[in-house]
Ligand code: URA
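We begin with a single chain expressed as structure tokens, specifically the form predicted alone.
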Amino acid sequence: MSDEMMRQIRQRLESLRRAGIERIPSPPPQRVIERSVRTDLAEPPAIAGPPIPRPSPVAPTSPAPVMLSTPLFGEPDIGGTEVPAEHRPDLLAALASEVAECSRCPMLVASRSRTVFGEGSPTARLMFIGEAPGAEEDRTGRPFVGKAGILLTDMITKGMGLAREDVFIANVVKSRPPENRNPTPEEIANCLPYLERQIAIIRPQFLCVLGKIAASTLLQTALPMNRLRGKWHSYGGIPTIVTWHPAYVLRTPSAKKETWEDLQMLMKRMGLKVPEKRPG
């Protein structure tokens, strides 16, 4: 078994454990196949008397398969009981405390100032998901507050006509990687269960995934951004759209037009009024 397959298994088993599934049912027993065996050489001498009737063979029945609420691979299932709105703030606060004490990635623990859990409405219809915190986020403990965060806020407020407080903003990885490098696959695997639990608690109606790393993680794909954006995807049954990360838009002004096109798709699906002109 390859290292990549083992990593996926460990990641999904951890996700199952945190979702409350402690044991994966064993597969049903294999059907017993009767084999004919020659007995003419070892048959004991026949005993006079009436033949002893043999019971007719009964085919064994297999138990009904047990279905897991979360598949081991593929798109996650966040079905089950929806968390009541009044309980969500406490559950998110408890999860944030757990994230703050996490020490699964020694290098990130050693370099971070604090974890960046995420912020916004616990009943948000829309959730934005980025890659990892940067320097300003590490300093403040809040997501998307640097230059890229200012642009994201403008996208939300000026572009979509929403308040930042009405949505929820989070990252795949909750600690800043040193020198703002990309998070490693192991760091992503360690942190992903926290994001999965955030989504399960908030139950947003829509996801907007920002950038290639977040998109490839949630959608489990290696497709490039130009194949992912501009169309709808699904994460756990939640309509999901992919667009450029605000940091990329700042470096690549030509990406503004495509980002605005993606936001318009999202707004139409959400039933929001689309401005006639693109916001400056």
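Quick note: we count residues from 1 along the sequence shown, nothing fancier. Keep in mind that what you see is a predicted model, and the values were worked out from it rather than measured.
Note that the form predicted together with uracil isn't included here; everything after this is about it.
Contact annotation for Met127: none of its heavy atoms lies within 4.5 Å of uracil in the predicted bound form.
For the chain shown alone, His245 is a contact residue for uracil in the predicted bound form, at least one non-hydrogen atom being within 4.5 angstroms. Shown alone here, Phe168 lies farther than 4.5 Å from uracil in the predicted bound form, counting heavy atoms only. Uracil is not shown here, but in the predicted bound form it comes within 4.5 Å of a heavy atom of Gly134. Listed stretches are 105 to 113, 188 to 196, 143 to 151, 89 to 97; the contact stretch with uracil in the predicted bound form is 143 to 151, by a heavy atom cutoff of 4.5 Å. Residues of 91 to 113 include none with a non-hydrogen atom no more than 4.5 angstroms from uracil in the predicted bound form.
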